[in-house]
Ligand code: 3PG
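There is one chain below, alone, in structure tokens, taken in the form predicted on its own.
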Amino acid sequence: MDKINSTNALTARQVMLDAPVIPVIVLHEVAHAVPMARALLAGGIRILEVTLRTPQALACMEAIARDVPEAIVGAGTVRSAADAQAAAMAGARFAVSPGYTHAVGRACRDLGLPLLPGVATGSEIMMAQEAGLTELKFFPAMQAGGVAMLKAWSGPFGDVSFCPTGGVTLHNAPELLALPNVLCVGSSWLVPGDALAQGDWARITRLAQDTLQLKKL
């Protein structure tokens, strides 16, 4: 795999291959952003998806990009071209969306942001493929068919790779990662809300270390 650093352009595939799990992070306090990022880095996780679900998300991304340059921060829950633009200005280096629209795809392409768009049906996969996207987020993964759906897609969409997200846990992740069309999974278990609230950075580091034991078969 090509090395990721602070100067080269990223690809969606690099984002997906960097670790078995992309942490899905919801931050309510800007003060939590930098120590949380450092805790994940200490545990070996550097691809960080900060979701645009809170008013503080952009400021959190900006703080991580500025103060923890070793981390690769991206924006999750990108639902519009404006979201993509704001995320790029905050220092995001990739984008993740819960669905796919041509407007979001075009905006990310123009901004140079690798995009992992969410898909849950064959039609959505085909729409993303029309835009040249072959690395996709399967969302909500477990609610939309889980392992059985991914196995079914491997026939007609054998050229597509997935990051299942939604209902993914430390316990079901190994079965997902064993599939040939799955490169990584996304989940929030690495950054629990109570660990953030308590400033338990050591716990987050341990969870990151445990995650790295999930090897892609």
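Since this is a predicted model, take the numbers as computed values, not measurements. Throughout, we count residues from 1 along the sequence that is shown.
Although not depicted, the form predicted together with the named molecule is the subject of the following passage.
Trainee: Can you say which of 33-41, 146-154, 57-65, 165-173 gets within 4.5 Å of the named molecule in the predicted bound form, counting heavy atoms only?
Mentor: Going through the listed ranges, the match is 165-173.
Trainee: Is it the case that residue 24, even though its partner is missing from this view, gets within 4.5 Å of the named molecule in the predicted bound form, heavy atoms only?
Mentor: Contact check for residue 24: yes, within 4.5 Å of the named molecule in the predicted bound form.
Trainee: In the predicted bound form, does residue 188 come within 4.5 Å of the named molecule, counting heavy atoms only?
Mentor: Yes, residue 188 sits close enough to the named molecule in the predicted bound form that at least one of its heavy atoms falls within 4.5 Å.
Trainee: Even though the named molecule is not shown here, does residue 53 get within 4.5 Å of it in the predicted bound form, heavy atoms only?
Mentor: Residue-level check for residue 53: yes, a contact with the named molecule.
Trainee: Does any heavy atom of residue 94 come within 4.5 Å of a heavy atom of the named molecule in the predicted bound form?
Mentor: Judged by the heavy-atom cut-off of 4.5 Å, residue 94 is well away from the named molecule in the predicted bound form.
Trainee: Select from 92-131 the residues with a non-hydrogen atom within 4.5 Å of the named molecule in the predicted bound form and write them out in sequence order.
Mentor: Not one residue comes within 4.5 Å of the partner.
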